[in-house]
Structure formats: structure tokens, C-alpha cells
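Here we start with a single chain on its own, the form predicted alone, put down as C-alpha cells.
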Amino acid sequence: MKYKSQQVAYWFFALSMLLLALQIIYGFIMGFAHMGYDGLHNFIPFNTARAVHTNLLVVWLLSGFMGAAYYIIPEEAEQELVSVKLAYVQLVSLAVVGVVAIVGYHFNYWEGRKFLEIPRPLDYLVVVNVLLFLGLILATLFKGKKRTTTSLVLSMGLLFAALLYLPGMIWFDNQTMDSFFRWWVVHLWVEGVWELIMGGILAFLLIKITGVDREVIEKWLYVIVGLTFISGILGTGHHYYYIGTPRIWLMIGGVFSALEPLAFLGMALFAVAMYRKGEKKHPNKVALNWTLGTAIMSFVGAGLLGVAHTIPQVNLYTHGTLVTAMHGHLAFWGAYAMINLAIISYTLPNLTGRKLYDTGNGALAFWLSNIGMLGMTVAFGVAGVAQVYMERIMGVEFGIVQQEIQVHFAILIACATMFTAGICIYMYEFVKYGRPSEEAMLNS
């Protein structure tokens, strides 16, 4: 840790850990409900559990991205954060908005728009919160001594993420228009600007861990940015197939969705090539595992599994089935959850001064969580294919199909238990590191 204000990042990471734990709990509630054990239905109906599960995912990832920015930007700009107090205000307001939204879902206080369920008054608070965050980050960046490509790409991703939240706040009475612009938020976040954030964090980690020259690594960033914009923007079309938009979107969505894996393939090749090129043997092997794992798993989950069911002729059958859940789980895990866990693993020793990464727990957490997530993905995939065949091809009634595929959720819960064990070990290590220390700054 080179700058005292970087300590702010720790508390954003702590919030991420708490929200991740809650997300997993609601995931188990849904898993057991799919198996027929829906005993909590009167208190937490399935639609409420789903909304809470997906929204917790978004908030804990955003909290992690913000923590990463508060750590990376001061170091890249060689400048203390312009206001630590305002950063803590922003953290508290983010937590308050998240808690109010989640509690509200249990009392049917929401908009009911998939992935954007947050009530309208809270939308405005989100905008204020993100504007404060961006103000602190950009002011620090432009007040600093340096403006590196890594910091600019990361900041650009965060800025565009904020701007693309606004289309989701526009009110439309027409369902097609509402769904059209809603995907500007959902798709262009996760398959557009979040990839820039991921690329910025990945570049920072590779510079620090591999020791490869910054100029070499940052050249790859330009390639990733280009691939992201070429494929991601028009790739939004695969969400427009069946909402009432012109037929041309079938072709646009199909072609550019097929190109979307290129950005993730670029990241995977980039990470592996930089690791092999690196002469520096960084002792934090846990951070290295998560960093390389991010590049590889994101290509499989977001890239290959994404294109596998977004081609129009396939999506006609898989749309809205558990095949989508298969892609969604591994994509979010590989692309965004793992990069958050990577930056946390790298920064904790620097923030606390305690180098606990050489224990076996770090490796155990990595392998248990990844094997568990792969098992969950396979279970979702098998259940999804069975659902498509029975429901979309054979014409079996939806409720009967759900009963027939319950056995797959028993396997899914077993794999989810392995995944949770890995995450629990990771959280145990997080707590074990303790709070940020002034000594860490002196020893850096």
C-alpha cells in the first residue's frame, strides 16, 4: 500500500463479502424450491428470492469494482484520493440503498422489471451515489501525476456504466419500448462496459504480478476495448429476438453475438501470454490463480456458453429456460466475480501488512469454488436441455416438466455446497487478514 487513502478499498471489499454471503443463501432457497421443498414460500416467494439473488449479485460486484478503483486509481495516478470522508459517505449510502431495496422486495416494493426491480425513488439515490463515486475517482485521476492506459480504461468503464444506467430509468407505457431500452442497461453493462472494467483490473494485476513491461500489457488493452465495442454493442440484438422489434435484429443479433467470444478470448490469451512472458515470480500465488482463472473461465462461461445458445435458430428453443441460467452463472462467475476475488486477494496483504497467501486455504478456496461452479453449470445445462426437449419440442406442460427435472437440482445443490465451502474458506481468510494497518504503508 503506497497511499493511506487506499485503505478505503478494504471496506468496499468487506461489503462485497457480506452481500455475496446473502446472495448464496437466497440461491439455496431457490434451489430447494426447484426440488419441491418450498417451505419458505409464504415468507419468501420464488420471484422475491430470484429478485434478491440477482440484485445482490449486481450490488456486490459493483461494490467490488468501486473498491478496486479506490485502490488502483491512487496508485496509478500517484495521488492520494481527493476526499476519504466522501468515499466513506459513498460507501454508507451504497449499503443503505442496497439494504432498503432488498427489504422492499419482501414487501412487494419494486418496479417488477426483470433485473431492474429497484424502486424509482432509489434509482435517483443510485445516480447521486455513482456521481459522487465518479467525482472522487476522476478528480483523483486528473489531479494526479500520471494518467496510465490502465487507469483510463478502468475509469472509462466506470463512467460508461453510470451513463448506461440512465436508459433504464426512462418510463415507457409500451412493453416493447421498455424492454428495448432495459437491455441497454443489462446487456451493455455485462457484455460491454463491465468488460472494460474487467480489462482495466486484469491489466493492473498482470503488471503487478508478472512484472511484464506496462507498455506491452497496455497495448493488449486497446485490442480488448476494440473487440468489446465491435461485438458487444450490436450483440445486444440477441435480446431483441422476441419482444416485437423489426426482424433485422435476428440477423444483427446472431452475427454479432457470434463475435462476442472474441473479446473474452483476447483476455484469456492476453493473461496467459503475459504470465508466460513474465520474469517476476510474485509470491502471491492465490492472486495469480484468481487472475488467470478469470481470463479462462470468462471465455468459457461468457464466451463459449453464451454464443452456444444465442444464435437465433437455437435461442428459439432455449430462450427463458435453464440453459440461460447455465450461461449466466458461469459467465458472471468467470468474468466478474473472479476478477473481484482476484483484486481482493492481491490487495489484502498490501492493505493489512499480513502475508497469509502462502497457506493452503487460499488454493483450497480457489479449487473448491471453481469445481463447484463448474458442477452447477453442468447441472443447469443438463436440466435445461431436458426442459427444452420436453417443454418446447414434446409440448409437455411446464409444471410437469419442472417435476421431472427436480433430480438435477439435487445434483446442483450438492455442487453448490462445494462452491459455498470454497467461498466460506475465502471469507475466513478475508477475516483472518484483519483490518488495514498503518504498518502496511511503512513496509510497502
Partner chain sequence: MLSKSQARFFFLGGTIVSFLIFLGLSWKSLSDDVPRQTNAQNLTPEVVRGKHLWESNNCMGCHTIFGEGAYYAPELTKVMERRGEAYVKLALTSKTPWSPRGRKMVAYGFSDAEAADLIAFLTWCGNVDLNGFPAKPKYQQLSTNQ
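Residue numbers count along the first chain shown, from 1. None of these values were measured; they are calculated from a predicted model.
The discussion below concerns the form predicted in complex with its partner chain, not included here.
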{"property": "Partner-facing stretch of 415-423, 371-379, 402-410, 63-71, counted where any non-hydrogen atom is within 4.5 angstroms of its partner chain in the model of the complex", "result": "402-410"}
{"property": "Selected contact from F270, W184, F299, Y357, since only one has a non-hydrogen atom within 4.5 angstroms of its partner chain in the model of the complex", "result": "W184"}
{"property": "In the model of the complex, the residue from V126, I209, I102, A325 that sits within 4.5 Å of its partner chain by heavy atoms", "result": "A325"}
{"property": "Full three-residue contact with its partner chain in the model of the complex, heavy atom 4.5 Å, for E111, F180 and L316", "result": "yes"}
{"property": "T245, heavy atom within 4.5 angstroms of its partner chain in the model of the complex", "result": "yes"}
{"property": "Close approach of V58 to its partner chain in the model of the complex, 4.5 Å, heavy atom", "result": "no"}
{"property": "Partner proximity in the model of the complex: N284 to its partner chain, non-hydrogen atom cutoff 4.5 Å", "result": "no"}
{"property": "E279, heavy atom within 4.5 angstroms of its partner chain in the model of the complex", "result": "no"}
{"property": "Contacts with its partner chain in the model of the complex, stretch 385-413 (heavy atom within 4.5 Å)", "result": "E391, R392, I393, M394, G395, V396, E397, F398, G399, I400, Q402, Q403"}
